[in-house]
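One chain is shown next in structure tokens, namely the form predicted alone.
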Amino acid sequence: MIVKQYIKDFEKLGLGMFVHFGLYSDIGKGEWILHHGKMEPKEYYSRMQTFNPVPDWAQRLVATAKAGGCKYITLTTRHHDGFSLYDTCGLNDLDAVHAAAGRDLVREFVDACRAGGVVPFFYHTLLDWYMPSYKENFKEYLVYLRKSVELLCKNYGKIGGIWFDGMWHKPEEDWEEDALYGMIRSYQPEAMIINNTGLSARGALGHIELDSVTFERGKPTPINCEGAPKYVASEMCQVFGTHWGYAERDFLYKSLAEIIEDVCSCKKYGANYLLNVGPRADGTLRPLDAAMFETLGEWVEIQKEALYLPRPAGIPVEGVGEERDFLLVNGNTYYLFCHRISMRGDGNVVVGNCCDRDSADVFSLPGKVISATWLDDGSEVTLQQHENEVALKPGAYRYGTNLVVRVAKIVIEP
């Protein structure tokens, strides 16, 4: 099996921000409003006359991503409505250069990412509601598609990757993937090529040039690479509410605890986590979105030693936490992720079980434990070891703290 270094480097990025931004942001009813809202195209595309993000929209976005612990950002350079945030160089006039903005927003995005030390990735739609050739002359459309993607590959320097979406719309068509991916490789030989399989085929392998499988709004599972010619990564994408693009009346938000548990679900199987925001038309974020990223970042800062470099240890955890708790490893250091730890406190104050977790997580390690501490405060972890078998009791949080998932750092003899 071929293992490529750029794919392993992608896995080390760990956490990313997904950004859905376009004309739909000016309407505030989600990224599919043209289709699901049955809007007149003339009315929808008239938003080009007002679409003009503030000058520092990209810098603000990068700052929020970094605050959330994200090391890469995937931006919708073109979504299904066919509007491009980049200069299409004459392929059509449906781009930010011909909108009120009058400038190349992808250029601003890339510049801000590089200045902030964040890796830029480009989302690009495969299906297209604007181009007549998508329905009427598919081969002609594919030529247009490749020319569009070529602009992204050659005009913005080295990028982290291209994230495609929409092949699921015409599953029986020949998308001429060899030509598309071959063109990308000619300009960006070490760019991740990702093609989203949507809600219907999470985790499915695809074309040989694809570098990662996707889990859209679904928990990752182990990748079955049996018989596969090369190693591939995996990535889960998730949204705070129920829309990817800005929706001003979407109040069905996930809790921060759910997001933290999602991050940990990804780490359990070595998957990256791509968490979405939908900026408003001026490029700024809904205050709740920014606050969620910033608060998630506080948790990431506490646990960061365990979140980027360690990989799944392949060691089962039995006992009270066996459904959720798991081990990662980096060299001779193991990290046990402990879920559902209770909190000590008066029964009239603390909701739920106030007692320590009496049962232990039980697992085997290939050496003698020389230290065991909690990442969050450095305090000693209670464990017992008999030969290779370790029993660790997570106990309970002291009143005033609840991390949702707590991580124990266990070092064994080298």
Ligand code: GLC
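Because the structure is predicted, anything quoted here is derived from the model rather than measured. Note that residue numbering follows the sequence shown and begins at 1.
Same protein, other form: the form predicted in complex with the ligand, not shown, and the subject of what follows.
Heavy atoms of no residue among Trp57, Phe109 and Tyr246 are located within 4.5 Å of the ligand in the predicted complex. Contact check for Asp87: every heavy atom lies farther than 4.5 Å from the ligand in the predicted complex. Within this chain, Trp168 lines the site of the ligand in the predicted complex, having a heavy atom no more than 4.5 Å away. The ligand in the predicted complex is approached by Glu216, whose closest heavy atom lies within 4.5 angstroms of it. The shortest heavy atom separation between Asn196 and the ligand in the predicted complex is within 4.5 Å. Partner proximity in the predicted complex, defined as non-hydrogen atoms within 4.5 angstroms of the ligand, places exactly one of 218 to 226, 202 to 210, 76 to 84, 109 to 117 at the interface: 76 to 84. Trp163 is the sole member of Trp163, Phe293, Tyr134, Phe326 with a non-hydrogen atom lying within 4.5 angstroms of the ligand in the predicted complex. Proximity to the ligand in the predicted complex, taken as a non-hydrogen atom within 4.5 angstroms, holds for one residue of Tyr123, Phe337, Phe240, Tyr334, which is Tyr123. Contact annotation for 278 to 309: no residue has a non-hydrogen atom within 4.5 angstroms of the ligand in the predicted complex.
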